[in-house]
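First, one chain by itself: the form predicted alone, in structure tokens.
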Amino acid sequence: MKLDSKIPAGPLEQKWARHIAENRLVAPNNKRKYHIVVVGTGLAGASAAATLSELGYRVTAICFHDTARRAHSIAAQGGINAAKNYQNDGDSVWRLFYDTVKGGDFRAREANVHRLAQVSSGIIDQCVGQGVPFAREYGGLLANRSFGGAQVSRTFYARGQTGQQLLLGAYSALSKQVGAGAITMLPNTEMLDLVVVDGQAKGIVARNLNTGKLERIAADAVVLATGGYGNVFNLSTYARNSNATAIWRAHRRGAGFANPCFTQIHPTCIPVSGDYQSKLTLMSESLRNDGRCWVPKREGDKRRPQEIPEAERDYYLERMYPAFGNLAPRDIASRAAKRVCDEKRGVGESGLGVYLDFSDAINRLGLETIKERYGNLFDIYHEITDEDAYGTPMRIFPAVHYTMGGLWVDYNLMSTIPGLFVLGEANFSDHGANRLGASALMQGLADGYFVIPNTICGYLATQKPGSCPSADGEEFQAAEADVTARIERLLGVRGKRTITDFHKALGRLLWENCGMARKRANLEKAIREIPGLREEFWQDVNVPGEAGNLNQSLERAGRVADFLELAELMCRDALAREESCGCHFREEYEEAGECKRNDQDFAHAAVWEWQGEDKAPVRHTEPLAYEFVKMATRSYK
């Protein structure tokens, strides 16, 4: 497997402009001769499909929902970063770039991150032009607030529903092109395999989720924008249908998978309340602007929060990280919460919780100001817990929230399979070992609106116009046969255990051994046990129904089968990375509870190559060379 990052030469701030100027182009009259299939219609996919279509390419968009408006992108509540320096507090493209590299614990590719910071301002202008209702100051300027890992206010927001509003903007751009007949939209359709012809991605095999019919779709290039794989843990903040199938099937066809163990744990989630839960709910990081995290100082103190005097409270983030306080980065804030709960000072019946208290902010700013800033988030909390967070502190605890790992891509966002491009959370490129808050929306829209339109042309220019293969070709027939065989195998088991039972068992195994903290013995244990669980799945899972109609059990079984393979790779990756960095915290490598990186041996992206079922994957590396910043020990104290 060859890993050529294709990073342009020259000064960091000139790389992107130089790359655009030197990249090969497709003439306007030829663009309509190229067909691009975009899989996923969240922020990255919808923006990419709309923009590529507006440029003149023929686009087919694949959405496994009934509408693109249901994408998990709507769940990003708190905001989107951009280096506009509206607050005049010292922000800049360089500072956003550095905060992102530092926040990722120096495990991201320098050039990609700087490009992200450069195009960030254009995202805000684009979205304002679409009518996204960002919050504004009294004088009319767009408002900003702070997020973790930064000492400036650069986060643009629309109350606590920023992701939804941004998605509606991208959806409007997508719908305009669908209405014009420039995009073929296929809703309720799921990609189940990638078709590779002569070593290049030339289409997909998809299943209509309503009818069960399989469809071969040929294309000149394939764009995957299918989000992250955090549901491998079963309980997470992801939408329940979020999955890894598209990128995992591409991995099995030869696409390198980078840093799969880099899984972000978000510190501000509603704690687990019972085994009946199907997912967890995020309370936006924006709440930590005004909420203060604390636990009782005394072990086992179960008094109501109002009964615990100020002197007996431990505002642990403010104590541990005085420079950043409650806005410490997510990985650090999550481990701090775990630490105080391990000391038996956690709150709630389970002891797995900390308080997020707004009483100081309400006294300082007034109740109406807090309602205006966060009202819908407080409403969500009330609906789930039946508690009034204006009068009683919220209870929160870390949970799986985002995956920084994903398919490896070069500077053009192309994977190790030529013609296969990967955008947003589905790739590995921008966030290193820990994503800063409000950067997911930034990356998704940057990739879709500004990056892929300027890079995919370089590949398409190497393909003869009109050379798209036939969907009746032998490679397409073989891929469809593989999909059919897998479906028949799932339906043919007719075992006794439910799909949910296996997913829960995998989630517990992964969380306990490859969750917030990892160590060699636990990772080795998981690597031994996951293959056994996978074998049990294929021998005893019960998938009711048939293939030729609506069958949500079949959908979920296929996704869990992929999770059972991906989980093992995650543990192998975590075991091989003998250091602590960002969200990857190996207990053997720490200093005073903080990450101890090993830059000499692990300043690289780990890229895994599929070798076949029941065969160990091969680990490759892409060195991460920092020319313009100096790697340093992260400190937020």
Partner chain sequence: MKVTLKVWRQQSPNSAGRFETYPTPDLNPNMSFLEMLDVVNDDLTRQGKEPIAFAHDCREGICGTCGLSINGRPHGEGRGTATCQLYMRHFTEGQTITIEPFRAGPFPVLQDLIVDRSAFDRIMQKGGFVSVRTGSCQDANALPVAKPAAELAMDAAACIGCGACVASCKNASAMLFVSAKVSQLGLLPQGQPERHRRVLAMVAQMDREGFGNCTVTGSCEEACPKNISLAFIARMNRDYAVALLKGE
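If you're wondering where the values come from, they're calculated on a predicted model, not measured in any experiment. By rigid core we mean the largest C-alpha set that fits within 1.5 Å across both forms. Numbering follows the first chain given and starts at 1.
This protein has a second form, the form predicted in complex with the partner chain, left out of what is shown; the following refers to that one.
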Within 4.5 Å of the partner chain in the predicted bound form by heavy atoms, the stretch out of 133 to 141, 337 to 345, 324 to 332, 360 to 368 is 133 to 141
Partner-free chain; cross-checking the partner chain in the predicted bound form, the single residue of E587, E591, D601, D66 with a heavy atom within 4.5 Å is D66
Picking from N210, T462, S467, Q539, the single residue whose non-hydrogen atoms come within 4.5 angstroms of the partner chain in the predicted bound form is N210
query = Is E54 close enough to the partner chain in the predicted bound form to count, meaning some heavy atom within 4.5 Å?
reply = yes
- For Q306, is any heavy atom within 4.5 Å of the partner chain in the predicted bound form, or not? no
Can any non-hydrogen atom of R319 be found within 4.5 angstroms of the partner chain in the predicted bound form? no
Checklist entry - Going by a heavy atom distance of 4.5 Å, is G545 a contact of the partner chain in the predicted bound form? => result yes
Applying a 4.5 angstroms cut-off on non-hydrogen atoms, the residues of 75 to 96 near the partner chain in the predicted bound form are A75, Q77, K84, Y86
Checklist entry - Under a superposition restricted to the rigid core, does S429 display a Cα displacement of 2 angstroms or more between the shown form and the other one? => result no
message: At a 2 Å cut-off on C-alpha positions, does Q264 qualify as shifted between the shown form and the other one after fitting the rigid core?
response: no
Per-residue C-alpha change between the shown form and the other one, Q443, threshold 2 Å, rigid core fit:
no
